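The data below hold one chain only, encoded as structure tokens and taken in the form predicted on its own.
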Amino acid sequence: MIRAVFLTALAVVFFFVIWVYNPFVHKEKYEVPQQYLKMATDVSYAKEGKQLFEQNCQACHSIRYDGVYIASVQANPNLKTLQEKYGKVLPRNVYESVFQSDLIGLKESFGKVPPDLSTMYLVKGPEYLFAFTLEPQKVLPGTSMPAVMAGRPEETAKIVAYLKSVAEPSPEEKNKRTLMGVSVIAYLVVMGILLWLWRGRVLKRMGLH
């Protein structure tokens, strides 16, 4: 019974974090014009955003979850061979070991390897990503990130929309996960009730209830 209650509580907390309050999302507020914020959260702009990302950001950043790697790696003929073996998304250890020289080159240029952006939307949120990509020095003074998107707010919003499309599941997958979450919680609640009733019956038979 205690185990059923514990698992139910754990499931409720887990889905609360997913659906209601994500503690990992960046909480600092940034002023973003509504028309650009709307674009940044609309995955219908993801296709254009991916093209813009490849043109402006891929020299330094990768999006491993979408099989998009830094430009020098993307041009390496070994990449295609590895993707045929492992799939579009290479295991992180394989990627870092095979293309170590490319990553070291970035580290020497910027002081550290620019981060992979696969889950950056979930971590930072659309407002931060828009503001930082548009004006990196204003948001984080001293950063090595160049202002390649300065004066291009609409294109920046589309890049953020692309990052959202990579980090978040499709609407169909979201519905499946929601159904799964509700089913799991309902199952745990029902099992908890049945265990409680069964416990009471056992105790009654033993003369302890």
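Fair warning: this is a prediction, and the values are worked out from it, not measured in the lab. Residues carry their position along the shown sequence, with the first being 1.
There is another form of the same protein, the form predicted together with a small molecule; it is not shown, and what comes next is about it.
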item	value
Contact test in the predicted bound form: Pro115 vs the small molecule, heavy atoms, 4.5 Å	yes
The small molecule contact in the predicted bound form: Gly67, any heavy atom under 4.5 Å	no
4.5 angstroms heavy atom contact with the small molecule in the predicted bound form for Phe132	yes
Contact flag, Ala167 vs the small molecule in the predicted bound form, heavy atom cut 4.5 Å	no
Partner-facing stretch of 118 to 126, 93 to 101, 67 to 75, 80 to 88, counted where any non-hydrogen atom is within 4.5 angstroms of the small molecule in the predicted bound form	118 to 126
Among the candidates Met149, Met39, Ala46, Val32, the residue which, in the predicted bound form, approaches the small molecule to within 4.5 Å (heavy atoms)	Met149
All of Lys50, Ala157 and Ala161 with a heavy atom within 4.5 Å of the small molecule in the predicted bound form	no
